[in-house]
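The chain below stands alone and is given in structure tokens; this is the form predicted on its own.
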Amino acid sequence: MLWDIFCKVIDNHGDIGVCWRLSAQLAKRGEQVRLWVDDASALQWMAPDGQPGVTVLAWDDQVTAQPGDAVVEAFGCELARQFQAALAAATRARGRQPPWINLEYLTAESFAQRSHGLPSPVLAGPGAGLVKRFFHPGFTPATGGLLRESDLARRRGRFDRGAWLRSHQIEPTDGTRLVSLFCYEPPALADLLAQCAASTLPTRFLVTAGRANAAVTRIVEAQRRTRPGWPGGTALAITWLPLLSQSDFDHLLWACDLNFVRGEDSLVRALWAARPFVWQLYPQSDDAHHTKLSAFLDWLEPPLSWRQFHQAWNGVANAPLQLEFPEWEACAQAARRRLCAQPDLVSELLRLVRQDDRGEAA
């Protein structure tokens, strides 16, 4: 099939990251994909080698291409009016509507299970009379699952941790905790760095480029105004990482003892890594992310210390920052086993689209 996937970039590491993984995985299963995106610049470092079968095209409000066999509207981006009109014309010409999927954001909230697969009639505009279908990624069999490559376990099994660390000028050292940091600006970040600096256990933070780098830099500069050379002479060390491809980001998570992740795509990669992790949700002014976090933690069933760390990291509560994460690992591994027993997102999407294309009830 020929797929049209539409993406508007809000966060270069989020929306486009998910859409690229989806496009690439469809192509690896023999599908052809046109990825329409309003800003594809992040793909230069995120997916520098591209993917055969995926064509990246510029998306603006003048898109008038003939629709393919299936259309995916990612994260409520709303198709251009011209493309909606072309979709309506294609429906009339073919005598059936190409499946139109509204790919939603990832959540463990109960509405995702209730809404997954439901039709949504288009009531106005050039697409009036057509039908979209909700597709909710999720953590249970009643949702659309998570993006998972078919060769992920094989790649993980072949990973050479020492070689990867040395490629980033990090010499593996027994007794040193390696912690990856991919975050926004968590309120507890300064306290975490100070705690690690005062610890008797050496900790090295591998700080990703972008907002995490900027947030840590501000804290380091503030400390150095009173303590020149900080964190030198402490148990804390910092490695500043360049922009990483999606494959190399997986390697980072596999190499570290604890992973701090943010948003949607990196949470899923942390779950597949099955290492202790802390997730920072995108902060929302109405605190809707608090409910979203609570639903995820209820699904994860973490130890109390892990739940409290998540709450503190996301500004939900003044909980203690206890880095006692060895007890978190068993829970992370159990979560991966549960997820691996369920169909992956691409398999579920293919099933729903082919079912829709045959006119069968969902």
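Residues carry their position along the shown sequence, with the first being 1. Model, not experiment: these values are computed from the prediction.
The next section is about a form of this same protein that is not shown, the form predicted together with 2'-deoxy-thymidine-beta-L-rhamnose.
Proximity of Thr208 to 2'-deoxy-thymidine-beta-L-rhamnose in the predicted complex: non-hydrogen atoms within 4.5 Å are present.
Taking non-hydrogen atoms only, Leu243 approaches 2'-deoxy-thymidine-beta-L-rhamnose to within 4.5 angstroms in the predicted complex.
Residue contact with 2'-deoxy-thymidine-beta-L-rhamnose in the predicted complex: Asn259 places no heavy atom within 4.5 Å of it. 2'-deoxy-thymidine-beta-L-rhamnose in the predicted complex comes within 4.5 Å of no heavy atom belonging to Phe83. No residue of the trio Phe111, Gly138 and Glu301 has any heavy atom within 4.5 Å of 2'-deoxy-thymidine-beta-L-rhamnose in the predicted complex. The stretch among 308-316, 327-335, 43-51, 66-74 whose residues place heavy atoms within 4.5 Å of 2'-deoxy-thymidine-beta-L-rhamnose in the predicted complex is 43-51. Of the listed positions (Phe249, Trp272, Trp230, Phe277), a single one reaches within 4.5 angstroms of 2'-deoxy-thymidine-beta-L-rhamnose by any non-hydrogen atom in the predicted complex, namely Phe249.
The single contact residue among Gly263, Gly145, Pro99, Pro186, judged by any heavy atom lying within 4.5 Å of 2'-deoxy-thymidine-beta-L-rhamnose in the predicted complex, is Gly263.
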